[in-house]
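This document starts with one chain, in the form predicted on its own, laid out as structure tokens.
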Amino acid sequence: MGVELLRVDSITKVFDGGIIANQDISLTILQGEIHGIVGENGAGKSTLMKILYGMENPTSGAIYLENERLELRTSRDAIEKGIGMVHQHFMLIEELSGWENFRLGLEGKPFLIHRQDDLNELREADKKYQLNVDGSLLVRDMSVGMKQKLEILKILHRGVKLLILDEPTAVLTPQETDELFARLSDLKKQGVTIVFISHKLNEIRQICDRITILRDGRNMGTYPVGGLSNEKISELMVGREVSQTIDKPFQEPGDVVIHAENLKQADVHGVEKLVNVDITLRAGEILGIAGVDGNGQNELFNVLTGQAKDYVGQIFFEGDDVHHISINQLNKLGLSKVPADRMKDGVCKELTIWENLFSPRIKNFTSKFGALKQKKIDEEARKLINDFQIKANAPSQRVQTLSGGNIQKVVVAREFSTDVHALILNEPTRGIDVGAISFIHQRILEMREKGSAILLISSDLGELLSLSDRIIVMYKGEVVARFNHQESPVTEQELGLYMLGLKKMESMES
């Protein structure tokens, strides 16, 4: 290590409207290192990586790979030059097999498909990189960890010199993360250089050699990982001190707010997504839901929030069966929700901040003749923008111009600022920076203290363990374990065994 592989020289990217994503960024990636990239949402990480992968063109500046200046117009250009990227959301076709996905995009393949030849080619590549991918499986039947390794194998087989990984552990169990890190260490020994983007600072410190910190589109410096504490990294990322600890005092739960009995749901193919799920959620407690992505958590969220009615079983909200109650009626009863996909389900990005904040209760801001009380709207919106620390110019600013973390704060401000009896959260901090995470965690704990019943679905086990009073684990749509985490703390490793289906509790109470 020590020889320059890739050099970014004064890269600037200005989008339409004068929005500066990257400002005069320079950095060097060394041959055979694992190089961490961290920064807040909106710090410029994604834009810089898209430029390196040919998905965006820089406004100015240059990229050099092994001292050759690159002109990257497409991702194919990047791959041909030796730069590959595995995105956080996998680019696989679920209904095809591993070998079919592996074959897609390979140069020089004959028109006619030869299954055994292609499967053997995958197996030879897998033997070389030791990723343990079963290419005969349909992608939909693979674990999340195997899907990710298939993506990595596809890129490596194309002969890349630089592998970019975007939030590679976001949906992995601790055991899968350990396995991934072992494979990345092997790849490093084979001479593959890796750029590792993550918001999990402990993992950055575990696997990376050096770290580059971005803030507001600028490079705040590149450091040896061992030379910085998590607190110092966070401070460089957000420009202020960020507390790494969560103060969650013991609290006795109150009355039952939500009780679900024997929930069952299947998809259009008849595959069971929820299997005899029982849940009891009490006032003033946080119930965490752990599970590898795709094991019924999203279906549970949709059923509990009234967005899906095609289930068997019963759901009681403060004693009343809510099967035939509309989403609007549930909201009026005091049910709030934060969906996993903020852009698709949480906001209307073309509308303004105030329109997103008040659309569910716009009648509170209209006169008896139907006219909007704009002064009242602006006053209340400015108060929420201030209270929830949303970085915005005005309530009239369109949501699509905000960073991901600030968009998430808009969703949280809307859902937390009403009379909340129950709060259903699905990945409330996924893909946002450490400063916004710390803020949202504190708000969740404030809601707990006020007596709201909170259900927290999260793939971040650190988040679950920090916030939850009780934790249940889901595997293939079934509850396989329950823990009273407030009284007898459980570890990430223990949760991981149940998440992978390696263990199952025989006797459990809801």
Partner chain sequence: MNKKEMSVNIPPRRSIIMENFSIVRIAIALALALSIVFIIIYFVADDPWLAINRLVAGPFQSWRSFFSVIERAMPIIFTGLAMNIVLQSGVFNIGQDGAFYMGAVLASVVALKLPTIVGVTQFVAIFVSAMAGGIISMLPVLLYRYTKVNPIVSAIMFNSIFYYGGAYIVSTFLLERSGTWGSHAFPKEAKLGLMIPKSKMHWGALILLIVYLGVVYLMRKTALGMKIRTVGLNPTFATNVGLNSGLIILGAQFLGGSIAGMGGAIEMLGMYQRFLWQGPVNYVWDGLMVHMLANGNPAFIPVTAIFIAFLRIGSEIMSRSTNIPPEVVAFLQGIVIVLVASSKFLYGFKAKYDRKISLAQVRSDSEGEFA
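Fair warning: this is a prediction, and the values are worked out from it, not measured in the lab. Numbering follows the first chain given and starts at 1. Only the largest set of C-alpha atoms that superpose within 1.5 Å between the two forms is called the rigid core.
Separately, the form predicted in complex with its partner chain exists; it is not shown, and the next lines address it.
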Does its partner chain come within 4.5 Å of any heavy atom of Thr280 in the predicted bound form? no
State yes or no: in the predicted bound form, is some non-hydrogen atom of Gln486 no more than 4.5 angstroms from a non-hydrogen atom of its partner chain? no
If we define contact as a non-hydrogen atom of the residue within 4.5 angstroms of the partner, is Leu497 a contact of its partner chain in the predicted bound form? no
If you check in the predicted bound form, is Ser417 within 4.5 Å of its partner chain, heavy atoms only? no
Exactly one listed stretch (176-184, 125-133, 398-406, 381-389) reaches within 4.5 angstroms of its partner chain in the predicted bound form by non-hydrogen atoms, and it is 398-406
One residue of Ser359, Ser229, Asn120, Asn202 in contact with its partner chain, assessed in the predicted bound form (non-hydrogen atom, 4.5 angstroms): Ser359
Heavy atom within 4.5 Å of its partner chain in the predicted bound form: which of Glu350, Asp320, Glu252, Glu71? Glu350
Even though its partner chain is not shown here, does it sit in the predicted bound form so that His157, Val225 and Gln442 each have a heavy atom within 4.5 Å? no
Counting only heavy atoms, which residues in 135-164 are within 4.5 Å of its partner chain in the predicted bound form? none
Superposing on the rigid core, is the Cα displacement of Ser466 between this form and the one not shown 2 Å or more? no
When you overlay the rigid core, is the Cα of Glu478 off by 2 Å or more between this form and the one not shown? no
Note yes or no: does the Cα of Asp24 move by 2 Å or more between this form and the one not shown after the core is superposed? yes
Your call: Arg218 and Thr429 CA atoms, closer or farther in the predicted bound form versus the shown structure, by 3 Å or more? closer
Say whether the C-alpha atoms of Ala394 and Asp216 sit closer together or farther apart in the predicted bound form than in the form shown here, given that their separation changes by 3 Å or more. farther
